[in-house]
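Coming up is one lone chain in structure tokens, specifically the form predicted alone.
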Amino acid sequence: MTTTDSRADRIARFPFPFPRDQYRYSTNVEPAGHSTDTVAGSWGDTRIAIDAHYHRERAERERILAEDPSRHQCLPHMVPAAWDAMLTLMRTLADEYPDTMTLARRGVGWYWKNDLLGIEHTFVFGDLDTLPAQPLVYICGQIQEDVVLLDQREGELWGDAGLVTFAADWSFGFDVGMSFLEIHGPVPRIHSENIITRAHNFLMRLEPGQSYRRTNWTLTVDGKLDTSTETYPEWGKDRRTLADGPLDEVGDRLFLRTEVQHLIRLAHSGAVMFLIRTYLLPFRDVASVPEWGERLYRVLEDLPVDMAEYKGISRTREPGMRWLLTHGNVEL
């Protein structure tokens, strides 16, 4: 677990998402639980990532939930899956961080201890009276990942529960209750190229306990974690001010945003759990790794217009490329 937040640490653990100079949508899944090396360091040795931002991001989640409780949704039939997700996350935390996290059976109940937060609690699985909050609210208050739970029925997956406070230009409150295919309906190219169907079929075949991961990316202005549809009035103008502002500011204001998404089939309920962890790195730090700066420029240069529009980077892509050309040692 990283306890410092130096620039070198942030760069070393950043999950740079581009293996080549061109980006197109793909399922890009791989088995989880192993470290991936980059030219700057490595990432991915744990399924739940706790780092120096732990307390700050938890506080930000608590603030967002207090202002907008709709970020947590759990349809009635998903209550067992929410308990399943909580216990699975506790087991994972205790396994990956044994020095600070403990989960043990205590008679008919469970004993949970989180030394990072001074939590020591005994609960009975399925008995809400033994928890201080709903299961997803309770456990998501102790991790940095967003959580979405997919129910599997009628030959489809349905996004019927979750807690999402750090969405990138989408709304979980709007999507809850939709099928997996409906949720991804607006994404360009993935239907005509059959990508979403392959992803859906892959998830349907996940066995209990199996876990995989994938990455996704976009660009974010001023390092905001919460760029959900609900808060667009607060951050939407940032794209314009960056595009119209001084080029010298782009390196510090424009961030490469990578999501590491873990996909886990829950053993008790059979639901599929998405863990979505967001990492942000300013262009100045990206460009400090020469291979990253040049590759990011190539990806942005090549990205089709429809994909740039869907990702919401039509305004910020061009100033980002100009800054990389000027400061990123990009060779044309």
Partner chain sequence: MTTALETVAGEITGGLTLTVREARLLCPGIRHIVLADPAGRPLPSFTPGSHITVNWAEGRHNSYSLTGPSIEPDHYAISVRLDENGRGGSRWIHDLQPGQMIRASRPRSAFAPVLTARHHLLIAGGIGVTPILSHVRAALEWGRSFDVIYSFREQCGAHADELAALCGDRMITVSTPGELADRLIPALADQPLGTHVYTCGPAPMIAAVAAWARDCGWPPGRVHSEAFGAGPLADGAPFAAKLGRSGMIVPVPSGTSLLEALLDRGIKVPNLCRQGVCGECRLSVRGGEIEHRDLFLTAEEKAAGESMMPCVSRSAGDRLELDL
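Numbering follows the first chain given and starts at 1. Keep in mind the model is a prediction, meaning the values are calculated, not measured.
The form predicted together with the partner chain is left out here; the points below concern that form.
Every residue in the set Val29, His77 and Phe202 has a non-hydrogen atom no more than 4.5 Å from the partner chain in the predicted bound form. Within this chain, Ala167 is remote from the site of the partner chain in the predicted bound form, having no heavy atom within 4.5 Å. Shown alone here, Trp83 lies within 4.5 Å of the partner chain in the predicted bound form, counting heavy atoms only. The partner chain in the predicted bound form is approached by Thr92, whose closest heavy atom lies within 4.5 angstroms of it. Proximity of Ser269 to the partner chain in the predicted bound form falls within the 4.5 Å heavy atom cutoff. Residue in contact with the partner chain in the predicted bound form (any heavy atom within 4.5 Å), chosen from Lys224, His121, Arg239, Arg198: Arg198. Checking Gly107, Gly245, Pro132, Gly126 for any heavy atom within 4.5 Å of the partner chain in the predicted bound form turns up a single hit: Gly126.
Only one of 224 to 232, 150 to 158, 251 to 259, 173 to 181 lies within 4.5 Å of the partner chain in the predicted bound form by heavy atoms, and it is 150 to 158. Contacts to the partner chain in the predicted bound form (heavy atom within 4.5 Å) from stretch 35 to 56: Arg47 only.
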